[in-house]
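In structure tokens, the next block holds one chain alone, the form predicted on its own.
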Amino acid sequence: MRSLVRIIADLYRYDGRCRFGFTVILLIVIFALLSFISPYDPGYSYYAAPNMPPSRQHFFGTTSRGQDVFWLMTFAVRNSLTFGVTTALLSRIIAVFVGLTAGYKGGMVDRIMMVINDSFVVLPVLPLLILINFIMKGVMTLFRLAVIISLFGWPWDARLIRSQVLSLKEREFTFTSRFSGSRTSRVLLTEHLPFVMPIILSTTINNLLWAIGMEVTLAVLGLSNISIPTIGTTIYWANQHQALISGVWWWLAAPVGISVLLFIALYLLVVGLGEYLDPRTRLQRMKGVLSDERA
């Protein structure tokens, strides 16, 4: 936990892109938390005049269904973030377990796990998700969708973790821990896990970005639960009511604008973390810090 906090602090201090990304995500999270004090229920319609442009009374305007876009988006962003975080965490559990176990155990265990891993890598994810959502359309919830998507979001990251563990298990501290009688679980959790935390953090953000993008794609196609407000379902309903043709551009501008900001912020965090993990850029950053301190 301390190493994770130190990584985040270093990124915020020395990387302007990560600083921008953290700031944007913090603002989006605050925006989503406003849903808890919303004066309107997201399931209600026609509590406001339809198709009203942005004003002091309705900051983001109103929809053709008489809903305040500002307050509707607070629920949509909250649900999308919750969905993305749930998907990322569930897939991280699988990726960490497979990566740590396969890398440390080696042999037959490694080969079997990598066969399963590579089988998931070559699966056509989007067509499968479309088929699954079509079959489960009547009973699909955000949590069920998060569980299903998480089953497809771990194999690439498990391989990254495995490659790191393959190196770690040849280090002296691993031999010392093993010869001292430590169990496999203890070696993996106390000795190897802290070293792969930067990779886990980076892949978590990347998986969060991918999961939200998948939800938006499925929702726009009408294949998710369109009764639950998310960024994707908001775009879906705007398209269903032909918002652009009707001149109600703000109905689409709000979810598209917020999603673009969210994706850019998450992308910048992934890029910053990627450079942080690169020993060459880390060495250059340390040289720059030392020269600043000497000056």
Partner chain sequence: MSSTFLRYIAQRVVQCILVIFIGITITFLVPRFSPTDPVEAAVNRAMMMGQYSHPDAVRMMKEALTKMYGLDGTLGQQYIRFWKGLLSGDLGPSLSSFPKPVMSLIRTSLPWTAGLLLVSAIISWTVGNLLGCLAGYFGNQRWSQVIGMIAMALHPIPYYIMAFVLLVALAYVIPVFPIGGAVDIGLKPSLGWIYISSLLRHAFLPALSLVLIGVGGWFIGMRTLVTNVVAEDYVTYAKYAGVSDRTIMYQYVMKNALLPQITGLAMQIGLIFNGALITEYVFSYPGLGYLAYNAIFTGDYSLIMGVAIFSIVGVSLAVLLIDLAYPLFDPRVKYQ
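None of the values given here were measured: they were computed from a predicted structure. Numbering follows the first chain given and starts at 1.
Missing here is the form predicted together with the partner chain; even so, the following discussion is about that form.
S.K.: Quick one: find which of 70-78, 86-94, 160-168, 210-218 has residues within 4.5 Å of the partner chain in the model of the complex by heavy atom distance.
M.R.: Result for this chain: 210-218.
S.K.: Consider the chain as shown here, without its partner, and state which of M197, V109, V147, I132 has a heavy atom within 4.5 Å of the partner chain in the model of the complex.
M.R.: Of the listed residues, the single hit is I132.
S.K.: Evaluate N239 for contact with the partner chain in the model of the complex, applying a 4.5 angstroms cut-off between non-hydrogen atoms, and reply yes or no.
M.R.: Yes - in the model of the complex, heavy atoms of N239 and the partner chain come within 4.5 Å of each other.
S.K.: In the model of the complex, does V256 have a heavy atom within 4.5 Å of the partner chain?
M.R.: Residue-level check for V256: yes, a contact with the partner chain.
S.K.: Is the gap between V24 and the partner chain in the model of the complex 4.5 Å or less for some heavy atom pair?
M.R.: Outside the cut-off, so no.
S.K.: Would you check, heavy atoms only and a 4.5 Å threshold, whether Y267 touches the partner chain in the model of the complex?
M.R.: Yes, Y267 is a contact residue.
S.K.: At 4.5 Å, heavy atom to heavy atom, what parts of 233-262 sit next to the partner chain in the model of the complex? List them in sequence order, or say none.
M.R.: Those in contact are I235, N239, L244, I245, L252, V256, S259, V260.
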